[in-house]
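The form predicted on its own is given below as one chain in structure tokens.
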């Protein structure tokens, strides 16, 4: 019998598996034990999933119920500890879920790697993101993009007179035809439309990228990520999707989102966010991701109690207690009841005197 199956919900089992995974890679637990000033979140709304905030006054200061954990990690840890810093968290955040209008209390888990500018650091975090999805459900997809590639191509197009906001909207809509028309009208020669139109496994797309962007360091980085994922056996259902964008003011490298079968929204999101550290006066690399546990629909259910102990009016409380002790001492989960609950199944149904005899 798997004790964890009885003691923890599926969400708690996911947290336990991921915590062991992250700890094995040298990450330690971050605990957020205080509220942050409203200004921390108000000044960085573009970094948040949703910019609406729940606020309250504490000692004359305006505070906010935390909508994000990364900002607190950067503010409270990165400035005070020696880098590199590797932490993971399991916290509650307060924000409006996608498609909802009201605030919710949401369960979020994730990790951050701050202060390591190596290529390995990028591959480690992306690998852990895919391993995290696999730990939740093997039927998953990890979409990867790169802000370095997108930013450079968008800047080049803008130099030709293309409107940045219009082009960005087309990228997010994956409207490759309109992008091609817009670029042609401006006289801009760019592979942007081709990239946005593509959606291929990362291993298949790398040779194409090397042909389209032969001098790009970002392409070399993606190639190394693809190589590591493949050799670790984590490359299944990993795709390049250049319609995936995060805010250019905060993200400057690889970005990614994770999806599970049957869930209409991303359950995992992350990327490299060096510009956020610049806002706090830190010149360092940073990359991480968050897993949104409340969006996950768990297919597994907790097992039913193995044994039902039925007692009657003729059974004394002591007899029932002794029978329960005898059964539980055998390592069996037991439910004692006067009658069998509806819509429940048991591997065995016993009466008190049967157990005591």
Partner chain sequence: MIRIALPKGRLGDKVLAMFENAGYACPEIHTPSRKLVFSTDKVSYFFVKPSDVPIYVERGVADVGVAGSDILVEHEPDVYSLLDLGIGRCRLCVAAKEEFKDDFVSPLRVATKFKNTAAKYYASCGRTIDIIKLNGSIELAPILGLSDVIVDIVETGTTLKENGLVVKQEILPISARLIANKSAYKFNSTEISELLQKLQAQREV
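Numbering follows the first chain given and starts at 1. Keep in mind that this is a model prediction, so the values were computed, not measured.
What follows is about the form predicted in complex with the partner chain, which we do not show.
Put simply, residue 263 is close to the partner chain in the predicted bound form: some heavy atom of it is within 4.5 Å. Put simply, residue 76 is far from the partner chain in the predicted bound form: not one heavy atom of it is within 4.5 Å. Although the partner is absent here, residue 141 is a contact residue: one of its heavy atoms lies within 4.5 angstroms of the partner chain in the predicted bound form. Proximity of residue 250 to the partner chain in the predicted bound form: non-hydrogen atoms within 4.5 Å are absent; the residue sits far from the partner. Of the residues given (197, 232, 184, 220), 197 alone sits with a heavy atom within 4.5 Å of the partner chain in the predicted bound form. This chain appears without its partner; in the predicted bound form, the one residue of 190, 269, 175, 90 with a heavy atom within 4.5 Å of the partner chain is 175.
The stretch in contact with the partner chain in the predicted bound form, judged by heavy atoms within 4.5 Å, is 238 to 246, chosen from 106 to 114, 82 to 90, 238 to 246, 147 to 155.
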